[in-house]
Structures are given as structure tokens and as C-alpha cells.
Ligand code: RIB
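A single chain comes next, written as C-alpha cells; it is the form predicted alone.
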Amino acid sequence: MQMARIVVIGSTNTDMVVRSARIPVPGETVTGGTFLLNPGGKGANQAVACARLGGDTMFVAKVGDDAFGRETGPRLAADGIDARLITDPSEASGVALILVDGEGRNCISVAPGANATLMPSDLEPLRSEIERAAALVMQLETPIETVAWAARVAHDAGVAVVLNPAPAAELPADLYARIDWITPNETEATLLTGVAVADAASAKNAAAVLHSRGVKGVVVTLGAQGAFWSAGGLCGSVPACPVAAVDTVAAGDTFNGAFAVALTEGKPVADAVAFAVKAASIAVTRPGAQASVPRRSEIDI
């Protein structure tokens, strides 16, 4: 059976990670940590998740003409991803500095570099690829005008648009009606809707706001509480799998990639969310971004 193609447009970064007992407060130095250099970026992480979990995946991003950028294509190809990387010689490749504490919590500072120069004109040659996809997956680590352009092209072609509104940011009013699925976490849902989201009940209220703006389907990830979904007049919650979290980096990205794969396989939304929760639950038990993303054989057991 031929797999439905998923196009992921987004960022690719190199993550420089320091793990220590706790995250320092401003002005403080915490010693005794360990250092890791990992591939990351929300877009690339989600593309890797799609590919490892069974999706025929194309990934579009912009990189600099540097060592980090040159390493990106072959690394993604090793996961079976059709990587369409555009090189911007005037910018560095994206970099993220990540601090992780002993409980797996993290704080992240990103220098977007070439990611911030990915424009609609870069994507125009790939318009037909977007229009033929089963799903388009995006985040907000690239310019919002590019996200809006791609969403319009996909929506007009009947392609399912999945938007992970991360990092948290306001969205153009006319973008909402072109989104088939929006997948915020509690913080992002709160920013977008003005509803303080802390549990399934408040997530339902936030989802109602997003539906009123034209979004068809809403999935709010709730960390250790699992996820809430709302679509087609129905809603439900999926509990988290009980695990010992080591590192939450890329857990949300794993969720989004898994959810997109499940949707393109025709799974009902409750099953798609459960599949994504299970994938993310595995990811948090491992350190790193793309290194933590599970494979399909680990889910189908």
C-alpha cells in the first residue's frame, strides 16, 4: 500500500544541550552539567517523527552555508526523509541553546539564522508538491507570512493543514479558517484564546474559541495530563502514559509528527491522539531531540 505523503515545512537547528541538576536563575552559574550536541528544530523534529512512525515525508527548510547546514541533508536522508533544503549563504544555520534540569524540564533560547529567511518565494517552486500532499505540517519557527502562504496553497488544494502554534505567537485572523488541525500546548492555547488552560475542562473552553475563528479540529496537549481533542461537534480526552520523564525536548514535536501520520492513515481522531500520546510518552524517557523520537515498531506493540 502506497503511503500518503506528508509535507513538513519548518525549522532545522543544531541543539546545544547542557544537562544539570537545575536550571540557573539570571546571574547564576550552575556547574557539574554534561554537554550534548544534537540535531533539532521543530520542523526537522516533526519530519523525523513522521518518517520514523511510518509517514512518507518531505521536509522543506532553509540552512546556512556552514557545517551545520551541510550536515542536515544527509542526516535527514538517513531517516528516509525527502529533504528539500534551501541554502542562504548570508545567514548561519539555526542554533538552539537548551538547558535541562534533573526532572527533565527545559528552557530554550534559539538563534533562528536562515530559518528566519524562509519566504514564500522559496516555496513557490514546490507548490505542486504541497498541493499533492495528504497533509501539510507547520510550526512557528519560520516567518508567519510563509506559514500563511503555505496554508492557503494547501487549503485551496484540499490538503489537510496541521499547525503546531509553537513557539507561542499571535496568528493572523484569516489563517484560522485554513487550519484543519491546530495543536497548541497549555501555554500556546492560553495565548491564542485568552482562556487560562490548565486541564481538559479549560482546554474545551479554549477549543470553543478556536472553533469560533474557523479552525476545524483542535488538540490541546496537556503534558502529564495527556491531551484533549475537539472536532466535528465531538470531544474527548486521552490520558498520558505513566512514565519517568528524563527530557521533554521534542516531546511535542513527536506528538505532532505521530498525529499527522495517524491522520493520513485514516485513524479516527481519538485513536490518532492516543497514538500521538504514546509516541510522545516514549520520547520523554530519552535525552535529546531527534534522538528521542521513537520508531513505529515501538508503538505497534
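Start at 1 with the first residue shown and count on from there. No experiment lies behind these values; they were computed from the predicted model shown.
This next part talks about the form predicted together with the ligand, which is not shown.
Under a 4.5 angstroms non-hydrogen atom cutoff, the ligand in the predicted bound form has Gly40 among its neighbouring residues. Using a 4.5 angstroms threshold between heavy atoms, Val215 stays clear of the ligand in the predicted bound form. Using a 4.5 Å cutoff between non-hydrogen atoms, Ala289 counts as a contact of the ligand in the predicted bound form. Using a 4.5 angstroms limit between non-hydrogen atoms, Val249 touches the ligand in the predicted bound form.
Checking 193-201, 104-112, 128-136, 155-163 against the ligand in the predicted bound form, the stretch whose residues place heavy atoms within 4.5 Å of it is 104-112. Interface residue among Val147, Ile98, Leu118, Leu210, judged by heavy atoms within 4.5 Å of the ligand in the predicted bound form: Ile98. Along 134-171, one residue reaches a heavy atom to within 4.5 Å of the ligand in the predicted bound form: Glu141.
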